[in-house]
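This document starts with one chain, in the form predicted on its own, laid out as structure tokens.
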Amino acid sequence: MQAFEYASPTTVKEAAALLQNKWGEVDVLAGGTDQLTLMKERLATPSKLVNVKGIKELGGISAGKAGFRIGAAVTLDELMENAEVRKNYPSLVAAARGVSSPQIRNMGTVGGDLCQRPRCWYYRNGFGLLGTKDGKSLIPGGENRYHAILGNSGPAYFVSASSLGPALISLGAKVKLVSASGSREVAADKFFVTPQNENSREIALLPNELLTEILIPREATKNATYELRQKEALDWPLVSASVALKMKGSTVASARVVLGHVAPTPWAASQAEQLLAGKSITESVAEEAGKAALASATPLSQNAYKVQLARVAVKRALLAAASGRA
């Protein structure tokens, strides 16, 4: 690990003042479950590390008139155990539970989950964010069984690693970003972006900004997350689906269907959302929605199996949400 300076501010203002305008110069440490790995592998070589674990402003879960606030430093365990979250946002609980390592749930934070770097093995083995060699992507013609089946026309083929991102997008959440010059709120569906070059990032956070909290509007929805994975031990899902349904009686007034681990960003399945409007959730309707969600899929040479898995994830998430068994 490369030597670095270490700072441990006690306020958001102090932390923001320590950040720089260029990626890689200063990194933020919260739970450290990804950051320390990146540093050990020298994929991240910051000259300064800013520890934000002691900033009380970044903690806490609270409900107010405007919505529901989750501090960025809240751990996945804290999120899962909160009574209000369990009652109103089972999709978030299921997504957090999917991180099957108790150690990581105890240390990993909500903000860290949203900001973690891709798990693409090309990136993790030193071929850059876009997995290139001599200016050409290695992924379409290489080992790509865990890569994107949507939004993969290039240059990015990795899948978004965030467990909570799809659920937060389906719930209409926003994230608050703070810099030394002020703050801004970004809709969760705009927070994740597809990088166009090696110098970009996969999130809208700027290098001089700190993610401080997540805000979820207080809207009554039936919501659920369903994941399919290769093994129950610590691993990332092959696919996931998060849904949020606004109901009018027994029919869907409006729906949000967001897929995870199938594209460089959490993927809003607009065709499925349109199909569900005005219908009751039955097994056949849920199956139709699953097919619609993957209608534009373009699998690579080794990952076509993910198309059927994603269809099933959408179907089961919808049935779970509609029945209240999420």
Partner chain sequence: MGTKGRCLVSSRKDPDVPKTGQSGLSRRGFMQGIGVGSGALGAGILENEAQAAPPPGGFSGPAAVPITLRINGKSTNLTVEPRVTLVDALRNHLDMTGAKKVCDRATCGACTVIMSGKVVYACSVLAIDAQGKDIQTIEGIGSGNKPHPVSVAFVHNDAQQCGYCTPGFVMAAKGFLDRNPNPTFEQVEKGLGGNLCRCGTYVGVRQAVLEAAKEMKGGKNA
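Here the structure is a predicted model, which is why all the values come from computation and not from measurement. Residue numbers count along the first chain shown, from 1.
Just so you know, the form predicted together with the partner chain exists too; it's not on screen, but the next bit is about it.
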Quiz item: At 4.5 angstroms, heavy atoms only, are 68, 89 and 252 all close to the partner chain in the predicted complex?
Solution: no
Practice problem: Find the only residue in 232, 219, 185, 198 having a heavy atom within 4.5 Å of the partner chain in the predicted complex. | Solution: 232
Practice problem: Select, from the options 208 to 216, 173 to 181, 190 to 198, 117 to 125, the stretch whose residues sit within 4.5 angstroms of the partner chain in the predicted complex by heavy atom distance. | Solution: 117 to 125
Quiz item: With the partner left out of view, is residue 112 within 4.5 angstroms of the partner chain in the predicted complex by any non-hydrogen atom?
Solution: no
Self-check item: residue 291 within 4.5 Å of the partner chain in the predicted complex, heavy atoms
Solution: no
Quiz item: Taking heavy atoms and a 4.5 Å cut-off, does residue 154 contact the partner chain in the predicted complex?
Solution: no
Quiz item: Applying a 4.5 Å heavy atom distance criterion, does residue 32 contact the partner chain in the predicted complex?
Solution: yes
Quiz item: For 72 to 89: residues with a non-hydrogen atom within 4.5 angstroms of the partner chain in the predicted complex?
Solution: 77, 78, 81
